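Before any questions on how it binds or moves, here is one chain, the form predicted on its own, in structure tokens.
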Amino acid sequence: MFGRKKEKQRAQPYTRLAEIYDHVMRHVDYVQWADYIEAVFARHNLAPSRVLDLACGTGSLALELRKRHYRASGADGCREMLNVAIEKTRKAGQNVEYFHRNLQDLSGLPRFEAALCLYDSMNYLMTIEDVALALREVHRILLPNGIFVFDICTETNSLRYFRRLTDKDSGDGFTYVRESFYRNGIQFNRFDIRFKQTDESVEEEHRQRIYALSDILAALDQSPFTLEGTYDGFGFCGPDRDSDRVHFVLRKAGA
């Protein structure tokens, strides 16, 4: 007699993807990203000790910064991602403090000399009002003269890489299919994950708002920050219509 096929579960973004996230994102060069952030610090005349990685995920960048002797901390709104980060940090024998916070509520955090929010995490804020609130929250937890570095992915990125993409892969104990598409200013990524040991089939849908550069610049103009740099990709030239990623460097006024 055949067993009944288990019904597909629908999970909140990252709650189950957390278990395989490092496999899915193994192409991301966090060493290169840390190199770039250090170059940003130098260019903007900041030598921070305490650095907070917002939307830190499984802690890969925070860990890399800790290895470079920063007092790195991480914050993320997804408890499951933080659990992976904490365990990974323990195995690495490093000391990174993690906070369960999302970008729109950073209450109770200590203050930092620098904050980061990378890998298009700001795109997960679905309205420009959400972006404005996040900017105020980050400003509040920075020390005077501190800087905030964040990036966004652009419409060029979505049209170039994710207009219509199906990606299939497998790892130790799981398989997944990711379908990506871009529609009406929203980048969709749908994951269908099968965990072999438990025979679970899980679906997650991730959405990112793809903002026009002009909308982000307008929000920055209304924020309590001073905009010090707007850079194409991982360089220091200004962005143009071909930029698929843009980094911003904001400064909090000194005391």
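Owing to the predicted nature of the structure, the values given are computational and were not obtained by experimental measurement. Heads up: residue numbers just count along the shown sequence, starting at 1.
This protein has a second form, the form predicted in complex with a small molecule, left out of what is shown; the following refers to that one.
Looking at 211 to 219, 192 to 200, 40 to 48, 54 to 62, the stretch with residues near the small molecule in the predicted complex, meaning non-hydrogen atoms within 4.5 angstroms, turns out to be 54 to 62. Contact annotation for H139: none of its heavy atoms lies within 4.5 Å of the small molecule in the predicted complex. Among heavy atoms of Q104, some come within 4.5 Å of the small molecule in the predicted complex. Residue contact with the small molecule in the predicted complex: A132 places no heavy atom within 4.5 Å of it. For T89, no non-hydrogen atom is located within 4.5 Å of the small molecule in the predicted complex, even though that partner is not displayed. Only one of F174, Y98, Y124, F162 lies close to the small molecule in the predicted complex, with a heavy atom inside 4.5 Å, and it is Y124. A heavy atom within 4.5 Å of the small molecule in the predicted complex is found for exactly one of F225, Y30, Y70, Y36: Y30.
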